[in-house]
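Single chain ahead, by itself, as structure tokens, in the form predicted alone.
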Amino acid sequence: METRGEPVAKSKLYSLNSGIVASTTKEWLAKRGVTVSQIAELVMFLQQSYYPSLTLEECEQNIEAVLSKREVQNAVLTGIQLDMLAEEGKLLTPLQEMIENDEGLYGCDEILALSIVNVYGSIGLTNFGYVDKLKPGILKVLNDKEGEQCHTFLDDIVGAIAASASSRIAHRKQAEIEEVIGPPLD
């Protein structure tokens, strides 16, 4: 900030407790009707054919690891806030109508979700595209446009969290295999 061309010193440096961001993320997901166990079912859907001994508990642990990342928390909070503002009619037109109706040509919801998936690589990307198209489990519920809540961003965010946890599992399972039998030969 400047007044009359001279810089004004800030009285306090900005600081936000990461624990508050993490707990708010989980709180907002719960308030929007999304549980870790519902996301874990998506992860099982994506990975069980590759890892038949995979458990829901493993899926939940990997979801928690994904949710512990600040960039994921930022995307979750941003998307949920935009959905809530659309529900309240507080966005300007035409953005209000695009988000409120989850317009097909509006791709910013997928782009925000991709910021989550990008942390976890190409397996996460392909899994995201797959669940985004099929909308299994909780994604079908979130994508239902009949209720009063708007989930334009949240359905993609939940799909991205599941896809990212799936990618994390795939990479960890490969690491386990390599520790047991050694790295693949060229």
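Residues carry their position along the shown sequence, with the first being 1. Remember, it's a predicted structure, so these values are computed and weren't measured experimentally.
Beyond what is shown, the protein has a form predicted together with a further copy of the same chain; the following relates to that form.
Engineer: So if I measure heavy atom distances to a further copy of the same chain in the predicted complex, which of the stretches 36-44, 130-138, 56-64, 157-165 falls within 4.5 Å?
Structural biologist: Careful reading of the contacts points to 130-138.
Engineer: Would you please decide whether I123 lies within 4.5 angstroms of a further copy of the same chain in the predicted complex, comparing each non-hydrogen atom pair?
Structural biologist: Yes, I123 is a contact residue.
Engineer: Does a further copy of the same chain come within 4.5 Å of any heavy atom of N143 in the predicted complex?
Structural biologist: No, no contact at 4.5 Å.
Engineer: Residue by residue through 94-111, which ones have a non-hydrogen atom no more than 4.5 angstroms from a further copy of the same chain in the predicted complex?
Structural biologist: Contacts from 94-111: P94, L95, E97, M98, E100, N101, E103, G104, L105, Y106, G107, C108, E110, I111.
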